[in-house]
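Okay, here we've got a single chain as structure tokens, the form predicted on its own, with questions on binding and movement later.
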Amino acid sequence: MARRTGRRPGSPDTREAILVAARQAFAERGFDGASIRSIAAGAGVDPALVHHYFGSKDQLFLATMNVPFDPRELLPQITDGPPDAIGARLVRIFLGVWDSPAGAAGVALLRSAVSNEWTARLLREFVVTQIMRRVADQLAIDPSQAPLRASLVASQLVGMATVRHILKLEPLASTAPEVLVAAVGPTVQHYLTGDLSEAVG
């Protein structure tokens, strides 16, 4: 059988070297500022090898975060439907992930972000670029208001995750998801589409 040619094979440590370089690049320069070429240079490999292991920059970023889900796959579940109910859908999907077995990785990430600035930077980039930016694009939110709206939504969702899964404060820790959707959804909806003129005026 002919041996495959055309792509330089990586050593067993190549993948980890790329991840280390990517974490540093994303934490220092953000998702937008980091490039595949610069990450490859940091890892001492050809950019083609980064694509070989991880595909796109989005996929590489998710790998550095050890996120057990791809936000792009969940986005249609959030954005499809009436715009005035997107807050409830976002809370419902968020709880569905965090309350599932996959949520354990999210809890570990959140714990780490509290005590580690590098992880905190990566988590901020993940929330802003992989989730909130895509939701904002779908809603055609005014770019001048998008950062504030994203921060407000993140404060609500991350705060809920912290109280529910890390502090485990009752009764919120064991409250049925749909009760939380009904309670928190309207607030998230206001942060996304409501009038923030007083807040930014």
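What you see is a predicted model; the values in this text were computed from it and never measured. One-based numbering along the sequence shown.
Omitted here: the form predicted together with another copy of the chain. The next part is about that form.
Undergrad: Please identify the residue among 75, 105, 97, 113 with any heavy atom within 4.5 Å of another copy of the chain in the predicted bound form.
TA: That would be 113.
Undergrad: Which residue among 66, 35, 175, 59 has a heavy atom within 4.5 angstroms of another copy of the chain in the predicted bound form?
TA: By the 4.5 Å criterion, the partner-contacting residue is 175.
Undergrad: Each of 151, 155 and 180 near another copy of the chain in the predicted bound form, meaning some heavy atom within 4.5 Å?
TA: Checked in the predicted bound form: all three residues contact another copy of the chain.
Undergrad: Given that the partner is absent here, does residue 184 sit within 4.5 Å of another copy of the chain in the predicted bound form, heavy atoms only?
TA: Residue 184: contacts another copy of the chain in the predicted bound form.
Undergrad: Give a yes/no on whether residue 169 approaches another copy of the chain to within 4.5 Å in the predicted bound form, heavy atoms considered.
TA: Yes, contact at 4.5 Å.
Undergrad: Hey, in the predicted bound form, does residue 128 get a heavy atom within 4.5 angstroms of another copy of the chain?
TA: Heavy-atom contact with another copy of the chain at 4.5 Å: present for residue 128.
Undergrad: Indicate whether residue 138 is a 4.5 Å heavy atom neighbour of another copy of the chain in the predicted bound form.
TA: Contact with another copy of the chain, no.
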